[in-house]
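One chain comes next, on its own, written out as structure tokens in the form predicted on its own.
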């Protein structure tokens, strides 16, 4: 049985790590490489770096930051934000990223997922899905949560799996930054809909929330502010999970 992964997310704006609530009210949280190095020392399994304004402002993800991160870290890391071409995916991987994720560009051009999987491999391609409950379904949002799409999150998850995505980064817009827990209904629905790993994102406030996400079917769960501001250390979260029978990687 594969170990469940604990992931730290680092939202990047103007070269700094930031964090907000419900995708707004952004505040500074530190230098990305310094934070990443700390998380690696604490035993984090993976890191996700997101240039949060890239797709909105039509900018490329900063290759220089990826190079810097790859020189400093030995753990896997995923990069995304504004990635809109296979060429950009290839550049990010060539410059040290282990995986690349796409969101807005994939919704606007689904063939990008298929083409990206062919070029960098499905195992290196993640599709990020930002969902918000609208009536009886979870609606997909793009452009950093600014634009609603007439698209069901579950249906889109199935589609990107068919196109070759190797993983889904699933963020609940309603739960994001609230620390009230992951959207378990959304996580469970997506995990049941697809056969590829699902990363639960949005709402982590304590170790118990990671446990709930794994029970709901997530292969990994991601947090930001509780790690950034040292409300919990990675080891604390893993010990809590281990004590409750969740298979996690721990320091020997």
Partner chain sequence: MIAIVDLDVGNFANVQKALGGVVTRDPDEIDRADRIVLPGVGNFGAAAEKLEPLREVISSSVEEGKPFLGICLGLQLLFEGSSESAGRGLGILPGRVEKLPENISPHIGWNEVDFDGRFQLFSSEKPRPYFYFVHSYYIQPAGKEMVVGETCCELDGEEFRFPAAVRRGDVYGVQFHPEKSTGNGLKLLERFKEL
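Here the structure is a predicted model, which is why all the values come from computation and not from measurement. Positions refer to the first chain, counted from 1.
What comes next is about the form predicted in complex with the partner chain, which does not appear here.
Contact with the partner chain in the predicted bound form, defined as a heavy atom within 4.5 Å, holds for exactly one of 178, 85, 95, 109, namely 95. The partner is absent here; in the predicted bound form, the one residue of 105, 151, 73, 173 having a heavy atom within 4.5 Å of the partner chain is 73. For the chain shown alone, residue 196 is a contact residue for the partner chain in the predicted bound form, at least one non-hydrogen atom being within 4.5 angstroms. Taking non-hydrogen atoms only, residue 166 approaches the partner chain to within 4.5 angstroms in the predicted bound form. Put simply, residue 188 is far from the partner chain in the predicted bound form: not one heavy atom of it is within 4.5 Å. The shortest heavy atom separation between residue 101 and the partner chain in the predicted bound form exceeds 4.5 Å. Exactly one of the stretches 42-50, 200-208, 180-188, 223-231 approaches the partner chain in the predicted bound form with heavy atoms within 4.5 Å, and it is 42-50.
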